[in-house]
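Presented below, as structure tokens, is a lone chain in the form predicted alone.
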Amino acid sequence: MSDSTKPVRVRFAPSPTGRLHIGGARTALFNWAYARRRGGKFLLRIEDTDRERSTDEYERAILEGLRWLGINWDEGPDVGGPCAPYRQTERIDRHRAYAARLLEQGAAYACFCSSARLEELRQTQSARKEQQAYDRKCAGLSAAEVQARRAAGEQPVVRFRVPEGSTRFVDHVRGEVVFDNKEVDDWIMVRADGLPIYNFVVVCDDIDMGITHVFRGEEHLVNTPKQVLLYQALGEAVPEFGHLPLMLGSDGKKLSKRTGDTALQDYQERGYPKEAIVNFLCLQGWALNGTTEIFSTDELVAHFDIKDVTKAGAIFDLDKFQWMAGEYIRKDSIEHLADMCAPFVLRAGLATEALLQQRRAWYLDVVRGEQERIRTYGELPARIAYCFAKDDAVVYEPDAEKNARKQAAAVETLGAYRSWLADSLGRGLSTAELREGTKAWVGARGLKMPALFQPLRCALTGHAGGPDLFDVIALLGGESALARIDAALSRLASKPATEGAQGPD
């Protein structure tokens, strides 16, 4: 364990080989909250040693995604800091210096075994049902032998010499963890081309950057004994560890595209409020108090402790996530909600930015009518498309049309109501007066409300449910409402497109 009196220094070290994984976002969030609560430093380091797959585009996307969530860093590739540079490929000279140090003290050694020999060794061990591990053929080479072979043009890898005994460390999530060193292979630290690998460079960089705590996903647990042994071989303080539980899909297996999107950007693009994303990610292995599910980022920072993170896998319940997103939308101000939804409305081609500005009050009323129903900003366009449609081209959802057609005498009822509505609108009745007058009109004819309301809703919006119909009439305007009823009288009088269709002979 590291000295608990040291100032906290934690890091998030993503690899820019793809979009920011939702699990990575949670890891960053927990590290950030831990540092902020303790007045420590949160570092961002880019682990770009996978040169073939790392791109500047992915790096930018990761940084933008973290900032969008409200996560800021004290040191990093774009803000600098006393431990710069913060990209691993820019620190190769430091890694080589550490490798030379380990070689000099005998904690590592040069290995000249060919790929063919290693493959033959694996096959032999597999046939004998033995543990697959390097047999240390090169572990006893003298310095002179190594120098001679290098001079002859052979390029070795550098392997770490795993000592006998066991490796133990205390994990803040899992308690004491013990590995038998026999289970740890003499692993490769530096490839033959001179490039170091992850398990080596991550320790070098964490030492140089003074990292006191390493909190990461449990998939890294198997790497930890190798890294602890490295710290010990270098005579450096071992940081405190905490391995976060896996995020699992609803099927209890590792989260995948089948059970939930895996990238933060997927949820941004669908219009999940970022506050809901932060809140939900916090619940993936941690809880505020066991009962409160909706809480702010400030509350997270005030209460987060890595020791409270659970060991069991966290179920990524998409239904709960959508519920939580809806809760944030419902408590939002209508002005802010309208602004957050506007890009999705524009992207759907429903309106221009100029139109939304010109008709701002009307647009706010449109959004207000759906605030209780939508769960993400991205759901709004489909629900309000009818507000922007031509009166004779409203798209009827199958359920809406089915509900309208199942009402006896739907066309006759709607036609009669159309006459009453035109007269009432001509007399300037208010929305409230239209609502009460319609109820009286339905009652006087001995009808039930669905007999009118289902055909009327289909005519005005094309949806089976939605805002109060008289609010809808106010949004559309009387002229448009009457025109839509006229169109519905014609459309509902004809047979549905599928009715009477005959199959092949």
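For every residue, the number given is its place in the sequence shown, counted from 1. A quick note: this is a predicted structure, and the numbers were derived from the prediction, not measured.
Although it is not shown, the form predicted in complex with the RNA is what the next lines describe.
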If we test each of S333, N289, S296, S166 for a heavy atom within 4.5 Å of the RNA in the predicted bound form, the one that passes is N289
Only hit among W441, W68, F470, Y58 for heavy atom within 4.5 Å of the RNA in the predicted bound form is F470
Within 4.5 Å of the RNA in the predicted bound form, heavy atom basis, the matching stretch of 262-270, 90-98, 70-78, 196-204 is 196-204
Checklist entry - Does the 4.5 Å heavy atom contact test between G252 and the RNA in the predicted bound form come out positive? => result yes
Practice item. Give a yes/no on whether I277 approaches the RNA to within 4.5 Å in the predicted bound form, heavy atoms considered. Key: no
Looking in the predicted bound form, any heavy atom of R427 within 4.5 Å of the RNA? no
Counting only non-hydrogen atoms and a 4.5 angstroms cut-off, does V178 reach the RNA in the predicted bound form?
yes
Residues in 151-170 that come within 4.5 Å of the RNA in the predicted bound form by at least one heavy atom, in order, are V157
